[in-house]
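A single chain comes next, written as structure tokens; it is the form predicted alone.
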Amino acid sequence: MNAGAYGGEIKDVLVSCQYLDENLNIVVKTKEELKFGYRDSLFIHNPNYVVLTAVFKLNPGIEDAIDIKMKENMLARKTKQPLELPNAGSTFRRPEGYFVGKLISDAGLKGYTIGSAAVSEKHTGFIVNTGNATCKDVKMLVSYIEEVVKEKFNVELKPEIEFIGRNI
């Protein structure tokens, strides 16, 4: 999908990708052919494709500087994100001009639960599993958050997480 964080995205380091298409053909494409955008790629529009391999080219750097940057990023994640509970990462894409966590918090949804799925108290842009959350719990909570934020702020949230499967 072109995941990203801390100023970088997958497209920044991907060279090419091999995938299986809906006809079971193995296809190889360069990153330019994969049509990357913000949380978007060829794979978002073709959910039946299965990535088999990917070739990355990382940027060279000074080992100590890379180590320091990795530690800074991990500390930021531990401090700001609910890593102590199971979650699927950032739940929604960032709508232009807004911060998702602030919208959800301002909507009064911090800690709101459906089943065992809950809006994180630590970072409201995350849905966490507080026990035995089902996919249905998570999907219902995502839909509820979308409805409330739309009603209160007239902002449409779009999930960043992808639900795979039928009848979920």
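We number the residues from 1 along the sequence you see. Every value quoted in this text rests on a predicted model; they were computed, and no experiment measured them. Definition used throughout: the rigid core is the maximal C-alpha set that superposes within 1.5 Å between two forms.
Another form exists, predicted together with a small molecule; not displayed. Remarks below refer to it.
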Practice prompt. Examine V50 and determine whether its closest non-hydrogen atom to the small molecule in the predicted bound form is within 4.5 angstroms.
Written response: yes
Fill in: Contact of R77 with the small molecule in the predicted bound form (heavy atom, 4.5 Å)
yes
Discussion item. Can you tell me if P95 lies within 4.5 angstroms of the small molecule in the predicted bound form, counting non-hydrogen atoms only?
Written reply: no
Discussion item. Can you work out whether R39 and the small molecule are in contact in the predicted bound form, taking contact to mean some heavy atom pair no more than 4.5 Å apart?
Written reply: yes
Fill in: Displaced residue check between this form and the one not shown: V155, CA, 2 Å or over, core reference
no
Worksheet item: Does D21 count as moved between this form and the one not shown, where moved means a C-alpha shift of 2 angstroms or more after fitting the rigid core?
Response: yes
